[in-house]
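Given as structure tokens, the chain that follows is alone and in the form predicted alone.
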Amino acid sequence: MGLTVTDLSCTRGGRLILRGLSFALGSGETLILRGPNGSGKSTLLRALAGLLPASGRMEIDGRAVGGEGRADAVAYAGHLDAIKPQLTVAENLRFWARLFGGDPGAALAAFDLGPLAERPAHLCSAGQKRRICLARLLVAPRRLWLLDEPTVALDADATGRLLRVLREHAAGGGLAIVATHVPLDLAPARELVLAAEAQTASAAGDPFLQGAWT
């Protein structure tokens, strides 16, 4: 059981970015997306999150994911931090926890946000805002995490905390797809490398990947 994506295709601005992409991840597996800017990493994540029109089929544990069902199964952390600047750090997390049922206290602790709990979010640094954004993953528990460059603006300690959270998510059977330009110690994660010029993909001979990028 896990994630299965079948024949995924996506067009942006009249340009075909993904064509006939199929892959599968087993329970507890992580997929690392690598490649230069413009190679399609963000497009894939946004298509899987339902933020871009796409054809194909996505299943989690054998059930088709789409519409409201996608929102219940998928958490997406993109380039924007999506925090309410007028609220404090704790108020932001409590707001999301009331909507999605997670534990804001645990999220604060996981990303060392306790000392910042009463600080208005608009007074936080870029790295602190990024940690708030990532802490939302723990107050909106979802099976599949889609993370686009999650280490941007993070220092070494915060990156280590993110890796611990990802390992714990995987240990509990969670799934994650992470687009990144930096090495992440998440072995034995799968890796998909995208090439900008030819728009091709390889997975080091791993048969989990089928189809093509165009």
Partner chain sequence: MSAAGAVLARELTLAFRSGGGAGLGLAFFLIAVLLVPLGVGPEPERLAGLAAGTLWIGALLACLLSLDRIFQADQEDGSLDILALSPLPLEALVALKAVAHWLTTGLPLVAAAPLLALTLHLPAPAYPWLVASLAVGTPALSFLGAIGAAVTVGIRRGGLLLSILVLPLYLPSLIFGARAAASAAEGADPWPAFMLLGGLTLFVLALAPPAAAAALRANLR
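In this text the structure is predicted, and so the values were computed from the model without any measurement. Numbering follows the first chain given and starts at 1.
Heads up, the form predicted together with the partner chain isn't pictured, but that's what we're talking about next.
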For this session: Using heavy atoms only and a 4.5 Å cut-off, decide whether all three of 131, 166 and 169 touch the partner chain in the model of the complex.
Result: no
Problem set entry | Residue contact check: residue 32 to the partner chain in the model of the complex, 4.5 Å heavy atom | no
Exercise. Taking 4.5 angstroms as the cut-off for heavy atoms, does residue 119 touch the partner chain in the model of the complex?
Worked result: no
Problem set entry | Any non-hydrogen atom of residue 80 within 4.5 angstroms of the partner chain in the model of the complex | yes
For this session: Spell out, yes or no, whether the shortest heavy atom distance between residue 126 and the partner chain in the model of the complex is within 4.5 Å.
Result: no
For this session: Tell me, please, which stretch of 178-186, 52-60, 157-165, 34-42 lies within 4.5 angstroms of the partner chain in the model of the complex when heavy atoms are compared?
Result: 52-60
Problem set entry | Residues within stretch 134-157 having a non-hydrogen atom within 4.5 Å of the partner chain in the model of the complex | 136, 142
